[in-house]
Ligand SMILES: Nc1nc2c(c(=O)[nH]1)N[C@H]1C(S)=C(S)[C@@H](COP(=O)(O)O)O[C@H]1N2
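Presented below, as structure tokens, is a lone chain in the form predicted alone.
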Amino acid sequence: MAAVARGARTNLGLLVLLAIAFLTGWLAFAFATAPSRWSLIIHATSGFAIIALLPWKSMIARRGMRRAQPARWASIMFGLLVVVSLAAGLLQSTGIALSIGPLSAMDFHVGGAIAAVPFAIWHVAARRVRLRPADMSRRAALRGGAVLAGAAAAYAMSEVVVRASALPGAARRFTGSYEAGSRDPDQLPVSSWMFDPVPAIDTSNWSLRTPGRTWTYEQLYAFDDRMTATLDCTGGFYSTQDWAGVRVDRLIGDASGASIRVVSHTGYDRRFALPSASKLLLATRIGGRPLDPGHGFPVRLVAADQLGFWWVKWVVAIEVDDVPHWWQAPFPLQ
């Protein structure tokens, strides 16, 4: 019975830690400022705590393998996906391997976590963990605290080792991203959210719609508002570039409403609070030359202090309406 109780506590602890790791990972994706760093610390600590519990979980798994259980393959797949996500996360954070074949370590880390979600839901429903009063005791709390303290210490030590060993991970940004081609547009990676394709746009047939006016490419190119801003991509890289174009507040004039909706040629869109218009730049140039298609030609949004998926490319419309800026999915759905 004692082994069964320990197994139940281990399973419960793993499920809680997996939930924390998943939520803090997505929270880190939402910020390009300090909150990202704090969420990543919690994310990494929970990951090390999961690793610390794996030896106990392996013993539970071995006992389970001796019994005939329906849908055992789903439990095995769940475990494999978690291990893949953990391993890829370590490779990404240390910089030992930033890519695995054609995909990045971040792709495996995030992809493994997302793919594990339906198996986690199934696992909770099919293998319910029954809590007992002893599971919520002071002793159990102390044990849990010891695991978390050990995990935090292991994470801190890993950061020391990464820096002492001069691994690439020592130079990553507070968001976990690695520098790529700063102030060199030729070295700026091309990336898009999900599967957004790079369109071929002919500026002779293109225009930008804004409240009360339509702009041609030549009219927009004549503006020379400048901004140095860091594009931090959820794919794991960041790049600081010099951008030029026109501030969004110049384009919307005195339009009134609650939010600004920036729309891409592909249908992709993001909303911003109206007071932020003066901090948004609709860029026509990067590093003193016109954008290329992969980086948003003819115009793209530059949203300093926001992660890359807010930097809408191939913009065709800027709208102002009464919809609150927060009335949108935290992450784009296309």
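The numbering used is simple: start at 1 and walk along the sequence shown. A quick note: this is a predicted structure, and the numbers were derived from the prediction, not measured.
FYI, the form predicted in complex with the ligand isn't displayed, but the following is about it.
Novice: Give me the residue from A229, C233, A151, L220 that has a heavy atom within 4.5 Å of the ligand in the model of the complex.
Specialist: Looking at A229, C233, A151, L220 one by one, just C233 meets the 4.5 Å heavy-atom criterion.
Novice: Is there a non-hydrogen atom of V190 within 4.5 angstroms of a non-hydrogen atom of the ligand in the model of the complex?
Specialist: Yes, contact at 4.5 Å.
Novice: Considering non-hydrogen atoms and a 4.5 Å limit, does the ligand approach S264 in the model of the complex?
Specialist: S264 belongs to the contact set for the ligand.
Novice: With a 4.5 Å heavy atom cut-off, would you call F272 a contact of the ligand in the model of the complex?
Specialist: No.
Novice: I'd like to know whether Y268 contacts the ligand in the model of the complex, with contact meaning heavy atoms within 4.5 angstroms.
Specialist: Taking the distances in the model of the complex, the answer for Y268 is yes, it comes within 4.5 Å of the ligand.
Novice: For the three residues G79, F119 and R127, which mark the spot I'm curious about, does each lie within 4.5 Å of the ligand in the model of the complex through at least one heavy atom?
Specialist: No, none of the three is in contact.
Novice: Going by heavy atoms within 4.5 Å, which of 139-147, 208-216, 182-190, 250-258 lines up against the ligand in the model of the complex?
Specialist: Careful reading of the contacts points to 182-190.
Novice: Out of 293-319, which residues reach within 4.5 Å of the ligand in the model of the complex, heavy atoms considered?
Specialist: If the 4.5 Å heavy-atom criterion is applied to the ligand in the model of the complex, 293-319 yields G294, H295, R300, G308, F309, W311, V312, K313, W314.
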